[in-house]
Every structure is written in structure tokens, then in C-alpha cells.
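What follows is a single chain, given as C-alpha cells, in the form predicted on its own.
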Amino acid sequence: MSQVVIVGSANVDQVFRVQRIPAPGETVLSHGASTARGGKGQNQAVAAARAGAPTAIIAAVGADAFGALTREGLGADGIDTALLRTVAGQTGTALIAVDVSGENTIIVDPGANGLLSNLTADDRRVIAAAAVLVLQLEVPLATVIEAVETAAASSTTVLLNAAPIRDLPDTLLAGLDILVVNEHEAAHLRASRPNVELCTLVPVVVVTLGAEGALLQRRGEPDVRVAAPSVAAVDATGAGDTFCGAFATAIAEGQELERALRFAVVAASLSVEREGAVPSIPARGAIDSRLAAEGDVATTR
């Protein structure tokens, strides 16, 4: 039985290393290129599995070489792919430029991800039996809503990483247990809800802060901020997804929220020390070792 179930995207990333991110109309030369698995759903599934949770993914790929690469790679990470669909069309693809400081820009062609719809009876059964359901917004919103409604009828904890950001109905937010957003995504959601704190809509809100760590907000309680360890950043691609997958694993294990937040922050900090999305996601042993080395990542209220 899978503790963590991911409903989301599965892409193949084509990554170009550049001196700087090009401005509009500018051409820059790459000093290296690579192809690797990615997509927020796949990244988060791999992060959860490598962090120690039995993990399943509900996603869609095309009947092409990239689809075969995705299925094989997920299996190699021990992820249950029984509900990974093969559909007409191409596997989703991301074009990523990474500069020398580790910052990136990403263009995504959804491909098969846009065809992930109409959850099956098996999909709903696996979601209902999971400890944690993790979702993002790279698949149709109707599918996200259907998955949330399925989980709401059980004791499954629902975590939504609201990325890439879009307008979300209050009815969807009301079905969540945990919302994970970065500062830009949080600002977008607040802009359409003046004078409304996100934690009045969702019981637990986590705002990721990049190199500054993460902020935990809960209804009626003081905010908690966890600092990130100091690292030499190579590539930030997939760091947010690593955070989400590791956080989901910690929640599925029953770790209390502040401890889960520290665990996820450390996992994300490890990921930026290596290139790529999936290739950079750390295993459980590395996360535990870094936690032990850091003592406890600084926490403030």
C-alpha cells in the first residue's frame, strides 16, 4: 500500500547551461546540454520515494521514447507505476535554461499531461487508501478537483503545491489540508482575496523561501520559520518539488509539522548542490546525515 500518492505531471526535461538567462530577443550560447526526467508530479514522486515513502503516481505519458524513459525511470526508483497511463500524443517536455548562479527559466509543453482526466475506480481506490495525496497544477484543474474530492471522502491528507500558479476556487482550497506555495504564488492567491489570510482558507500553509528556508502558517498559531542550511547552489531546478515530496513523506510518517518542515528544507537544500531535477533529488540517508550534521536547522517564531 502506497503511503504517498502523486496525481500530476510527468515530463522529460531538456536542460541548457548558459552564462546568463537570455533577455527577450537575445540569443545566448549554451555551454552544455542534457536530457533527464522531470515534471512536477514525477519530481515529487521521486522525492517522496527517495525520502522513504512507498509511493504511487497517477500520471500520463505518450507512446514515445520519452514515455518509455519515464516509465523505466519511475520503476527504477521503486515507484508504483500501475496507474501511469499511456495516451495519444507526446510525453510532456520542458525546456530549461540554467545560469551560472543556479537560477533557471522553464518553458513547458504539457503534451500527455493535458490528457490526464476522468479518474478511474482504481485511481480513486489508491487515493482513498493513501496517507497523503500530493497534487500540483500541471494537469487539468478538473482532475485536481476530482482527486481532492476523492481524498476528502477518506482520511487521506491532501497537499496541493499550487504551481504553476493560476486562479483557484475557494471550494478547492477548502478541500485541502496543506497548501505549499512560493512567495510569488502566495501573492497571486492573496491578490484575488484582499484582506483574507490564506490560512483562513487552508488549515496549514507553507511558503517556501528559496535560500531563506520556509515559513509555516497555521490557523490561530504563531508563524514558524525554518532557515535553510548554507550551500553552494549549482542548479535550483526541482528544489521546490524536492521540498514537497520530502514534506509529504515526513507527514505520512507522522512527523509533527515543524520537524517535517526542517526535513523538507534540508532535502531541498541538498538538491540545489547538483544539476538537474530528478538527478539531484537526495536519498533518505543523505537527508538524515545532513540533518544530523546541522543539528537542527534554525527555527524562529
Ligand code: RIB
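What you see is a predicted model; the values in this text were computed from it and never measured. Note that residue numbering begins at 1 and tracks the sequence as displayed.
Beyond the structure shown, there is the form predicted in complex with the named molecule, which is absent from this document and is the topic of what follows.
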With a 4.5 Å heavy atom cut-off, would you call G245 a contact of the named molecule in the predicted complex? no
Would you please decide whether I96 lies within 4.5 angstroms of the named molecule in the predicted complex, comparing each non-hydrogen atom pair? yes
Flag L172 as yes or no: does it have a non-hydrogen atom within 4.5 angstroms of any non-hydrogen atom of the named molecule in the predicted complex? no
Please check if V108 has a heavy atom lying within 4.5 Å of any heavy atom of the named molecule in the predicted complex. yes
Interface check vs the named molecule in the predicted complex: of T70, T55, T237, T249, the one with a heavy atom inside 4.5 Å is T237
Which of 258-266, 45-53, 237-245, 26-34 lines the interface with the named molecule in the predicted complex (heavy atom within 4.5 Å): 237-245
Need the contact residues for 6-39: heavy atom within 4.5 Å of the named molecule in the predicted complex, sequence order, or none if there are none. N11, D13, G38, G39
